[in-house]
Ligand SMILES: Nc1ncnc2c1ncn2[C@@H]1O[C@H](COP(=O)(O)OP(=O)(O)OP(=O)(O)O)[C@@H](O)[C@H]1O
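Only one chain comes next, encoded as structure tokens, the form predicted on its own.
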Amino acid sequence: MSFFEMRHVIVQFGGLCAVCDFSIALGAGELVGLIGPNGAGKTTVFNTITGFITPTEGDIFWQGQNIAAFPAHRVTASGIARTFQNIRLFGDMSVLENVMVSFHFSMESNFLLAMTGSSKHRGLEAEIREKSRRHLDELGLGHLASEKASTLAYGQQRRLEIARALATGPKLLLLDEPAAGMNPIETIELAALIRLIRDQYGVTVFLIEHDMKFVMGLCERIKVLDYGKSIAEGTPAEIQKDIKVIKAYLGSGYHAGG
């Protein structure tokens, strides 16, 4: 069985089939893209994987276990993390505190220990703070640790959101339009960061993105959705030449380098 696999997943909202018979398998350490027009069902696929939506039909296997009916918190605890199209940070908290919140989720910490101010809690808090600082340094945000998250530039906020997702200790990381709103230099830096994350943290990366230059230069394999249905899957070179993909999404004027 694959590291991660979706088998014949269907998501219906009333009479609308948002995702229709979707299947994909991801291997450990892969970097895979999911592309398609707006409304194709891409984010619905991510919401289904992460427990925000329960599929109408089909199975989702994660490390040998069917997680199709898992709620979101249980999916995260099992080793799957994600970012969102719209950045979701605690704006009034510091950069460091944003990452510490995620580390608290993944480590042994509870309300009673915090209330009693026990030495065990103080030691755990110090450990989380140190891990968070090291984490920020690795992702190039260490110098901003004391800044409010809301004061960061857009690209830095995107990077912080990824840092928070990684702090939960995932083996599968889902990135929903990570390059959205970024300028060309930030996009190049983001691609390098994602490769670093895959290599250094040993995670599988599955991402949604509309920036075709970014996707084609970064992903090893790409899946294409249109109106909830998979219309193609292959390497970037294969996808760029696929007639169905060109008609549905890329357009006849698409050039791989542009």
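Remember, it's a predicted structure, so these values are computed and weren't measured experimentally. Residue numbers run from 1 along the displayed sequence.
The same protein has a further form, the form predicted in complex with the ligand, not shown here; the description that follows concerns it.
Stretch-level contact analysis of 63-71, 190-198, 31-39, 216-224 against the ligand in the predicted bound form, using heavy atoms and a 4.5 Å limit, identifies 31-39. Contact between residue 151 and the ligand in the predicted bound form is not found at the 4.5 Å heavy atom cutoff.
In the predicted bound form, none of the heavy atoms of residue 229 sits within 4.5 Å of a heavy atom of the ligand. Proximity of residue 243 to the ligand in the predicted bound form falls outside the 4.5 Å heavy atom cutoff. Although the partner is absent here, residue 44 lies within 4.5 Å of the ligand in the predicted bound form, judged by heavy atoms.
Taken together, 13, 16 and 85 are fully in contact with the ligand in the predicted bound form: each brings a heavy atom within 4.5 Å.
Out of the listed residues 97, 147, 177, 138, 177 is the one that sits within 4.5 Å of the ligand in the predicted bound form by at least one heavy atom.
Shown here without the ligand, the chain has no residue in 144-173 lying with a heavy atom within 4.5 Å of that partner in the predicted bound form.
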